[in-house]
Each structure stands twice: as C-alpha cells, then as structure tokens.
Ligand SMILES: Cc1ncc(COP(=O)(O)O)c(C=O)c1O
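Starting off, we have a lone chain in the form predicted on its own, written out as structure tokens.
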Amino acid sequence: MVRSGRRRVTLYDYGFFSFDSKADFLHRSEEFWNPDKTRFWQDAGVDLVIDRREGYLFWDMAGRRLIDLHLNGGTYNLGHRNPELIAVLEQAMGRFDIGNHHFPALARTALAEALVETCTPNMRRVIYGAGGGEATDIAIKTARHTRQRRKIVSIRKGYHGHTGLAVAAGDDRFSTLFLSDRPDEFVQVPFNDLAAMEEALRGGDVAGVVIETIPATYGFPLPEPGYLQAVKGLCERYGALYIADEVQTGLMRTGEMWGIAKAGIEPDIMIVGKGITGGMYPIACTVVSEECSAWLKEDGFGHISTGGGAELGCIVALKVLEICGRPEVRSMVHYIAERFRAGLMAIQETYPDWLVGIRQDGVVMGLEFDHPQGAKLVMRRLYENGVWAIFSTLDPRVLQFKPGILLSPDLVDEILDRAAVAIGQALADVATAPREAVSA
C-alpha cells in the first residue's frame, strides 16, 4: 500500500482481494496458508507467484512471463483458461450447478457414457470423485470389494494422491507423515521388476495392483518392453485386478487417448484426473469393468462425494474429451513429440556427460542429469530463462518436462532455445559448486 495525498492505493488489487506487494503476499501466505511450502520455493530460488495466465503462458505477479512446462501435473494439458472450455463453462452455468449427488444426474450420465466409449471394450461404468486421490481411493475400495481381499500392490516411489488410501499406496515420503504406512496391507515393489511383482502376488491375497503407466513423480521412467503386459498377466494368474493410474498419461499425452491402451492392455479399473478438469473445474473419474461395478448394483450409496462428478465439471470434461479426440490434435501431439525429440537430442549431443537421459513417450518426458540434484539446478536456470518446469520429487536427478498437446511450433522452438541456454548454464553451476551444495 502506498499513500497518494490522504488516499491509500493498493498496488495489487484483484477485485476479490488485494495485496500491497509480492513481499506482503508471501508473508500472508506463510502466515495463513502453508508456511513450509511457501518457504521451500523461496529457498529454492523460485520466487514465483502466478498471476495472469493464458494458453501455455503465465505471468508472475511482478509481470514476468514464463512458458509452462509443468502444467500442474498435466492439469493444463489444453492450456490455461482454454477459450473453448471457458465458453462451455459459461454456457453451462446458465442451467447447471454442481448438482445433487443423491440422484441421477444429466451431465454425470452423459460424461460417463462418453468416457466409457473412449476406453477399452471391457470398461462399463464411471464413479466420480473431486480429485485424483479420491479417484484412487474409489479404485482401491472397488478392488477390495470385487476380490474380497485387503492387500494392494503398488510401485515403489509411485504416487497416486494424498487422500487416505491413495497416500498409503504411494511412497513413504508422504505416507509416514500421517501414520498411513501400512506394510501389511500395502506392498510396494520396484518398477520394471517382474520377479518382485510375482513374489508380491504369489500368495493369492492381493486385491489389486495400482500402477502409473509411466510413474510421474519418480521422473517418468519408461516401462521396459513387455513389462506392463507381463504385470497384467501376473494379475490374471493370481486373481488380482489391474488398476491403471492414467492421471498423467491419459488424454492424448502419449499420442493415444489413454497410455494403457497404447500398451495393448485392458485394465480392470482406470483412474482419470487432472487433465479431465481442463484446469477449469475439479473432477476425477474411476472407470470400472462390469465385474468391478458390482457394488454399484449392491449399494449405490457405498461411496458418496458431494463435489464428485459436479455437473459443471462434467460438462467441461465432455469438451475436454472432444478436443483431445480430434484427429488434428492427435497429429499435433505426434508432431510436437518428434520436434522435441530432435531438439533435445541435439542439446544432449552438446552436453552428453550432463544430459545423460531423455525419457519420452509422446509429450510425457523426463530429462535425466548426471548430478543427484541436477534437475533442481536446471529448474532454477530454466526459471531465470522464462520457462517453468519442475524437478521430480522422488528422483531430483530428473526434470519433468511436460509440454501441452496444443503447443504452436513457434513456442516449441522457443522452449528448445531457452532450454539449451539453461542446461548449459546449469552445467557451469555444477563446475563451480560442490555436489553437496545443491540441496534446495
């Protein structure tokens, strides 16, 4: 706040709320919202406070422009404030609200039918949540009911959300904080390790295996050829259900509508979140087979979610599905993926001992650096060069590099130019600082 004569003028007035300065906002964020998360980014050299946003760009509240390569885990797959989604949401608000979860709902049923049509032929029904964690909870509860077993197998360093059952299935980085680590009920095995997977399933007491098609928070390690198909085969052999977490690999990000279908697998249960919201309205979906939908016939009130499947969100999600299913969008994803592949390989040729790995399936990408905290160094330099990408929480050697599926060729080229500069700068940082000094 500054004084003009006797009047106080707010520098950052958003109409709904106001702040005197970025420093004022950060102080209040730490005081009233989340102290540790607010401080974490300041300590990491990222003083970002997102303000205006449009397409694949956003602006810091100080006016600095950045290209978004994080997309909040794929939430902004179609860009920030996509005009088609804004238009359909505004139109929907003329008739609908979130609806009433106790009764059959027009938009909820329409989305369920459209979503099932995009999935493998065995999929039959949709159960709604408000976020991916809740959708994972639904998937686990469904698997337990279907098989009448309690045990769940997941991948070590996997991530499926922060709600009760979802956090128990994820890495202990998050589960132990809330005393949710349950080794008797939730067993974890290494990714790409079929022997460990079979050992976990051999007892015939596992309800389901929940697995990200490409584990995101672990840095997008790619499944070895035949691995996912073999896991599906083991599930069938030992009577467990295959639960595909498609939150970050669905909606055309691998060049097909669902990454698991690209692998030629019919899951028993599929989890959908983030991108299905269009970044406009919270919604998540658990898609289930006929067998796994038995509880919906037995007790349809078995899972209740007031905001899950909100009708406004369903209408937005219908438009998201329609956009992602357009033939020209599929072609664009393949074009963008190839353009990034070629550009990143050229950067790797310049820095072969620094950028040591490019993990890519469509526009799902992880860049591996030869430093235990290498992705954090590159993240900072990218931020300084106007690009926002985030390190992998459970493997900070790997940068999550996640372009949107509607990127223009000019923006692809700009990203590659800025990335080449930032990656070189980060290598220079490594040369002048001890490895243990990068600890943010």
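Small disclaimer: the values here were computed from a predicted structure and weren't measured. The first residue of the shown sequence is 1; numbering continues from there.
Keep in mind the form predicted in complex with the named molecule is missing from the figure; the text below concerns it.
Colleague: What is the one choice in 221, 308, 133, 79 with a heavy atom within 4.5 Å of the named molecule in the predicted bound form?
Modeller: Selected option: 133.
Colleague: Which of these residues, 151, 157, 232, 274, gets a heavy atom within 4.5 Å of the named molecule in the predicted bound form?
Modeller: So the residue touching the named molecule in the predicted bound form, by this definition, is 274.
Colleague: Based on heavy atom distances of 4.5 Å or less, which listed stretch (352 to 360, 242 to 250, 81 to 89, 292 to 300) is in contact with the named molecule in the predicted bound form?
Modeller: Flagged stretch: 242 to 250.
Colleague: Is residue 279 a contact residue for the named molecule in the predicted bound form, using a 4.5 Å heavy atom cut-off?
Modeller: Close contact is absent here: in the predicted bound form, residue 279 is far from the named molecule, nothing within 4.5 Å, heavy atoms only.
Colleague: So in the predicted bound form, is the named molecule close enough to residue 212 to count as touching (4.5 Å, heavy atoms)?
Modeller: Taking the distances in the predicted bound form, the answer for residue 212 is yes, it comes within 4.5 Å of the named molecule.
Colleague: Under a 4.5 Å heavy atom criterion, is residue 161 part of the interface with the named molecule in the predicted bound form?
Modeller: Close contact exists here: in the predicted bound form, residue 161 approaches the named molecule to within 4.5 Å, heavy atoms only.
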